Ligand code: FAD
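Just the one chain here, the form predicted on its own, laid out as structure tokens.
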């Protein structure tokens, strides 16, 4: 019988004397087998990640035209199965998993049920996020009876850790033991009016019980170092994990800033513009990520967290290089 030695993310960090490695993956598209996920992870597992994050993608509304010319509004989830995928990874690789937990698409009762299921599966790490608005909507709106802000979702997780369920009349309840991560934005969340207010929102989440922070991707390490200093100056003492992603196509020069509201350093942009094809871009992006990773590792970051997102071979090359 396989024996698991499960740990919380914060314990991995506390017990390590050097920067750890972690990966973030997408669930398979609906219709794909879990073997596609294993093929993605297999080349990465030799690097012994401390944990693997599994993203959650909310349902989307699509409109299907009917013969009479009217439209049906249909709910579609393109990447279902985050909870079961976490359990499958845990079972196959004996590595801790961190499911993303979002506000969008759930009411508070559904959220509690999801947390209870994760607890039953032995998964005691979550990354708490508000989540994005559906593509068909211009701004985020919570589900009826759902959370509007990540801090409210975080407080629900903390309540369960304290044995406080939505049904207040429950007696002799068991306490969950979730380690809670939250997101940080070195270049400011695009909806925050300014960096100072964004930092105050982040500090409020830490004060409410967050154990660590994982940052949005960035391509200029000075942004990360300045962000960490600003957090420390504000009294935020939890580990701050840098989130890292490779650039591998020219279209990302416009797509990434537009989608994630981040800057591409001018030196990197100039190199990419001179590339003849995406194969050359991939090489430039890999070299840039290696340089980023080496500097961050030397600075003693707690974890190098890589957004693999369909490019595991690039990440494997980078980790091999450092």
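This structure is a prediction, so every number in the text was calculated from the model and none was measured. Residue numbers count along the first chain shown, from 1.
FYI, the form predicted in complex with the ligand isn't displayed, but the following is about it.
If you check the ligand in the predicted bound form, you find a heavy atom from every one of 55, 127 and 185 within 4.5 Å. Only one of 165, 149, 225, 93 lies close to the ligand in the predicted bound form, with a heavy atom inside 4.5 Å, and it is 149.
The partner is absent here, but in the predicted bound form a heavy atom of 215, alone among 221, 252, 215, 176, sits within 4.5 Å of the ligand.
Although the partner is absent here, residue 132 is a contact residue: one of its heavy atoms lies within 4.5 angstroms of the ligand in the predicted bound form. Put simply, residue 190 is close to the ligand in the predicted bound form: some heavy atom of it is within 4.5 Å.
Proximity of residue 83 to the ligand in the predicted bound form falls outside the 4.5 Å heavy atom cutoff.
At the 4.5 Å threshold, heavy atoms of residue 87 stay clear of the ligand in the predicted bound form, well away from it. Across the options 109-117, 156-164, 228-236, 177-185, residues that bring heavy atoms within 4.5 Å of the ligand in the predicted bound form belong to 177-185. For the partner-free chain shown, just 307 of 278-310 comes within 4.5 angstroms of the ligand in the predicted bound form, judged by any non-hydrogen atom.
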